[in-house]
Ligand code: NAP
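A single chain, nothing else alongside it, follows as structure tokens in the form predicted alone.
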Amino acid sequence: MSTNTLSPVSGRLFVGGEWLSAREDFASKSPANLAEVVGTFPKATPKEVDAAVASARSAFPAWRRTSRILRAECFDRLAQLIKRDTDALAVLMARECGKNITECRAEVVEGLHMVQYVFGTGRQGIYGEVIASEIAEKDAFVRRKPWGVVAVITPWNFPFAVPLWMLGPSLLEGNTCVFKPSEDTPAIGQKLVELFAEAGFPAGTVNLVQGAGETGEALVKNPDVNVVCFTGSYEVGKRIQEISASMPERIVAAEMGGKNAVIVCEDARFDLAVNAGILSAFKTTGQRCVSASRIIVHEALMDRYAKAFAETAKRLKFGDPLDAKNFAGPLIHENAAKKVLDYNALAKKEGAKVLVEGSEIQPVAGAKGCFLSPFVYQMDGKGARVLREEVFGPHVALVPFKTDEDAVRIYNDTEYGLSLAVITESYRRMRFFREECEYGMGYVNLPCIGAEVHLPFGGVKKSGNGHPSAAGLIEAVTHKTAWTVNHGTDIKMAQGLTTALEGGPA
């Protein structure tokens, strides 16, 4: 499909149910063709950010009092709109973030699944439970109540699904939201909010501000924001946590990347192990928070595995994201490509045995894009920076191990702990890695990439603070309250506490 006939998006902010006049403060360019402008967008000023938060705060009382079932009905309408626009959303996403069109379509479906999940849970009682009391005459309840205003700050690599992971549970539970998409994918962010508006979400429940770090900082600094939901880099997540530390009532749910790995055991099914490694390392051009930049391989398999993995990597087609025949597309921008090339050079400096040399390529005729070919190397150096730091690109190390304990040590030798895959036929070995590795999401005989909306999504250590995204986000966007009712005609207390008053009531 030619993108030259597609008109650029004219960006606006959305505050209190009103689209503000279009401004052209910054441009979104296609990473596959830097000459193509996907759209122009306004950087929200601090005053506009505050207005968006005030709008969300004003809408909160009425929204939280709305029937939970009626809140869910809004998501049913949203689901129908997403189905209607699936192809157009996928094309816009491929143009703007460079993911292959097949991945973009799958991401739209993932976002749809989140919306369907939210709608389906609207009539279920997961927001509360009845608890037994020591006193027969008492009924005890645990109920969930919304916090208030949720700031949703999302990354460019999943610009449709991740916002819905956060916006969906937040809104269903009665919170209102201010959404700041990545400055690298503002067009998809705007289109998503357009769908929310068309679906009939009340004014002020969803607000949109655009911009880069200064916009996000203004949003996080606003004391009327109760919860910040963030997915992105550790550096930005840490800054959000530092700002929020001075606000004791603030909740931060952050997922901040990983240094993930696939562990290939001696008893692994070989072809499955190669495919799992390739998909984990290079899908989305290695630009997933769960991408594996380490394949930890038993030494008995290393020579055979390295040969097969390298040969497969060389055959992968990186090119136009709108061509479904390509495996993957470009890096998100030139700085991202430079970062990966710098890590490639660092690997060589730290003693890598290069198996596939990664370099800049230009596979789209007549266009300059941010494409790199895969870089694959073998290394057994302990403590090497390149084996411990997140790269976020088509860069992967094959690391040998002798024993299962050795593999655990290698896997855990990083400050991150997000995603892990184990390729083995042994249930005992699988259980050992499940118990000893530090991760948030584990897979067996699968790639270490992937997400289903009804499962938690998060990590440990620098990968996050334990608050999951997706369906598990309910834990962060609501707080539990205890509610105890006495149905007796007098007072009885737990723990045997006496309630007798000397002399009786006054």
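Model, not experiment: these values are computed from the prediction. Note that residue numbering follows the sequence shown and begins at 1.
The same protein has a further form, the form predicted together with the named molecule, not shown here; the description that follows concerns it.
Check whether Gly211 has any heavy atom within 4.5 Å of a heavy atom of the named molecule in the predicted bound form, and answer yes or no. Answer yes; at least one heavy atom of Gly211 falls within 4.5 Å of the named molecule in the predicted bound form.
Spell out, yes or no, whether the shortest heavy atom distance between Pro321 and the named molecule in the predicted bound form is within 4.5 Å. Although the named molecule is absent here, Pro321 would stay clear of it in the predicted bound form, with no heavy atoms inside 4.5 Å.
Proximity of Ser182 to the named molecule in the predicted bound form, heavy atoms at 4.5 Å: Flag for Ser182 set to yes.
Any non-hydrogen atom of Glu436 within 4.5 angstroms of the named molecule in the predicted bound form: Flag for Glu436 set to no.
All of Glu266, Met379 and Val422 within 4.5 Å of the named molecule in the predicted bound form, heavy atom check: Contact check failed for every one of Glu266, Met379 and Val422.
Out of Asn157, Thr414, Gln190, Asn222, which one falls within 4.5 Å of the named molecule in the predicted bound form, going by heavy atoms? Of Asn157, Thr414, Gln190, Asn222, the residue with a heavy atom within 4.5 Å of the named molecule in the predicted bound form is Asn157.
Which residue, Gly216, Pro146, Pro400, Gly358, has a heavy atom that falls within 4.5 Å of the named molecule in the predicted bound form? When the named molecule is considered in the predicted bound form, the option within 4.5 Å is Gly216.
Looking at 105 to 113, 297 to 305, 195 to 203, 388 to 396, which one sits within 4.5 Å of the named molecule in the predicted bound form if you count heavy atoms only? Comparing against the named molecule in the predicted bound form, the contact stretch is 388 to 396.
If you look in the predicted bound form, which residues in 223 to 243 sit within 4.5 Å of the named molecule (heavy atoms)? Result: Phe230, Thr231, Gly232, Ser233, Val236, Arg239, Ile240.
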